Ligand SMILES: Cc1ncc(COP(=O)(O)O)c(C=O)c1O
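Starting off, we have a lone chain in the form predicted on its own, written out as structure tokens.
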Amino acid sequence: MIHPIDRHRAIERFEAIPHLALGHYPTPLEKLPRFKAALGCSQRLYIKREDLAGAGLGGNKVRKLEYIFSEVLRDGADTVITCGGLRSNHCRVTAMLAAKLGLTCVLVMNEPAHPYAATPASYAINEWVGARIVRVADRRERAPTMERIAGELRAAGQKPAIIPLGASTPVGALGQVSAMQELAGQLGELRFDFDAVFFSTSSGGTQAGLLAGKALFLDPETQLYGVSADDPSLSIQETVGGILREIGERLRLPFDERIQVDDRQVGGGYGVETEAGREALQLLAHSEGILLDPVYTAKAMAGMMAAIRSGALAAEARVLFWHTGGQMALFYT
């Protein structure tokens, strides 16, 4: 249990950390009555619309990059380099925000395991906003390629900054701490707490930030469930734990949060659609007019639906789905 004084001091340290204002906040907190009826469940269902945070359906990436770009500008960088797949939300949002801030952007993007029949819309947008795109064969080539490009740019007199995959660093994760502070304010007006929160997890930054934010701002009994989009639960738990520890060191408050990751919705792997994910996407769209994406949020919603159907959640539980965005993955040019 965190002592109230220690929590208060950690919040003061958090609020003193510089960041940019690049998103549209607060993002809506909405009920899902028709989705609940379609599922035939008794739980009270809600959704946090982080997909509306701005920058081209950027979702959770916008808040992360508000903190990272603040450091990039502080350090005098003129170029940002990051990586992802050809449909990467992170790459697209990074490129769009770099354009907004007047920075050059280089994207190192790996080819998909199963080639697309058409150009992903995200990839086309990266070109429209002026990003330089370097394509590599697979994930293993991304990090060394970013380092090579950074070296070449330094030799040419430029000042590059590398942003790791998914902006999943302790600094980037602070954006999700901010999101939890925002949620706490919304719940203060509604006068209730959530019993469970479900969200997509992969590179670890979102889950680490949400856990730290929960410890600072939410009811300690609220349970957070990350649903993996690709990697095994143990791998993600280790990554999340490392980022969470570094956030704690920065705020001088050790976090002892349970890291819960469900990897039963991964299916064929990253970016490979699943039957359960398709059901989740179609059911939410048909009942509420809200789109998920096939890479991340459809699998996360499938995980939440499975938990409800299995009886793992109390009958009257208040359950929140944290929509991290990414719907652009549905579209091709």
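None of the values given here were measured: they were computed from a predicted structure. Numbering starts at 1 and runs along the sequence shown.
From this point on, the text means the form predicted in complex with this ligand, which you will not see here.
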{"property": "Contact test in the predicted bound form: Lys61 vs this ligand, heavy atoms, 4.5 Å", "result": "yes"}
{"property": "4.5 Å heavy atom contact, Gly175 and this ligand in the predicted bound form", "result": "no"}
{"property": "Gly205 within 4.5 Å of this ligand in the predicted bound form, heavy atoms", "result": "yes"}
{"property": "4.5 Å heavy atom contact, Ser168 to this ligand in the predicted bound form", "result": "yes"}
{"property": "Interface stretch in the predicted bound form with this ligand - options 304-312, 61-69, 38-46, 273-281, non-hydrogen atom within 4.5 Å", "result": "61-69"}
{"property": "Partner contacts in the predicted bound form for 297-333 (non-hydrogen atom within 4.5 angstroms of this ligand)", "result": "Thr324, Gly325, Gly326"}
